[in-house]
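There is one chain below, alone, in C-alpha cells, taken in the form predicted on its own.
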C-alpha cells in the first residue's frame, strides 16, 4: 500500500479509503490510486484485512450431495449472488451421510466464515442439531426444518401444493391405485408425501402404496420392480425425486413396461431423463437456481445486520405431459 501511495502521490490512508469503497473520496484521487494499483499489480491481503475487520468475506456452504444436478443448480445460483455482493464461497460435501453434516459445519466455522448456507443430509440428526445450536455465525437453512426451540431463517419449497396438484391430475384421469416412491429423511420427502396423501384422502376408493428407501437410482429401480409384482398392480406411480424417477424408468424399460399404456408416471424436477424420455415425463417442477439466489440474499441480509428470522416459501409447479393417461 505504501508503494501504491507513493506512485499515486497520496497518503496510505487515502489508498485505504479508495480500496475500501469509502464515499468521501474524490474522483481524481480514486483514478490516481486505481491507476497505481493496476501499474503495480497490487492485490489486497485479504487475510490481513479480515483480521482487522473481523470478517473474512467468505461464506460456507454445506451440501448433502454435490453430485446431484439439482444441488449443482442451487450452488450456481447462490455463488453468483454471493459474488455480486463481494463474498467468496467455501463448499463442503456431506455425500448424503447424516453423520457428516455436523463435522462440515464445525470445519467451516474453524475457517472463520462469515455465515453458513446449509443444505443438510438430515436436519433431525442429534449431532447436526447440536451444531446448529452452537453456531456462532449467521445461518440460513435451505429446504430443511428448523431445529426444535431455535427458529432460523430459511428458504423452503411448497412441495405439498405441487404434489397435491399432480395427484389430483391422476385421480381426475380415473386412477385409483397409485404408488409413491420416496427416499431420504429430509423435509422435501415428508412434505411430498403429505401432499399426495391429502389428495388421495379426498377420493373414497383411492388407494396409495408407499415405497420408502434411499434417494438413489437403485432404490427407484427396486421399488418399481416391487410395485409391478403387486396384485392388483398400481395404475400410476409418482417418483418423489429425480433419481428415483430415473431408477423407475430404468426398470420399466428393462421389463418392457410402456408409459403411459401400462402405467402412468410423474417425477420430480426437470432432469434430462424426464425431458428426453419418450414420452416426456410429467414432473413437479421447481426453480433450483432461484432457490440458491434467495438463500444467498437472506444470508447477505443477515451479514449486513438484519436480525429478524425470515422464512421464504418458493412455489412448485405441476407440469403435465404425455406420460399420464387414463388407466387401461
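Residue numbers count along the first chain shown, from 1. Fair warning: this is a prediction, and the values are worked out from it, not measured in the lab.
Another form exists, predicted in complex with a further copy of the same chain; not displayed. Remarks below refer to it.
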Discussion item. Taking a further copy of the same chain as it sits in the predicted bound form, is residue 31 near enough to touch it, meaning that at least one heavy atom pair lies within 4.5 angstroms?
Written reply: no
Discussion item. Check residue 26 for me: does it contact a further copy of the same chain in the predicted bound form (non-hydrogen atoms, 4.5 angstroms)?
Written reply: no
Worksheet item: Contact between residue 246 and a further copy of the same chain in the predicted bound form at 4.5 Å, heavy atoms?
Response: yes
Practice prompt. Answer for residue 261 alone: is it within 4.5 Å of a further copy of the same chain in the predicted bound form, judged on heavy atom distances?
Written response: no
Practice prompt. Look at the stretches 164 to 172, 222 to 230, 198 to 206, 96 to 104 and give the one with heavy atoms within 4.5 Å of a further copy of the same chain in the predicted bound form.
Written response: 96 to 104
Worksheet entry | Every residue of 75, 272 and 275 near a further copy of the same chain in the predicted bound form, heavy atom within 4.5 Å | yes
Practice prompt. Quick one: from 210, 135, 89, 218, grab the residue that has a heavy atom within 4.5 Å of a further copy of the same chain in the predicted bound form.
Written response: 89
Worksheet item: Pick from 214, 145, 127, 158: which residue has any heavy atom within 4.5 angstroms of a further copy of the same chain in the predicted bound form?
Response: 127
Discussion item. With the partner left out here, which residues of 61 to 84 have a non-hydrogen atom within 4.5 Å of a further copy of the same chain in the predicted bound form?
Written reply: 66, 67, 72, 75, 76, 79, 80, 83
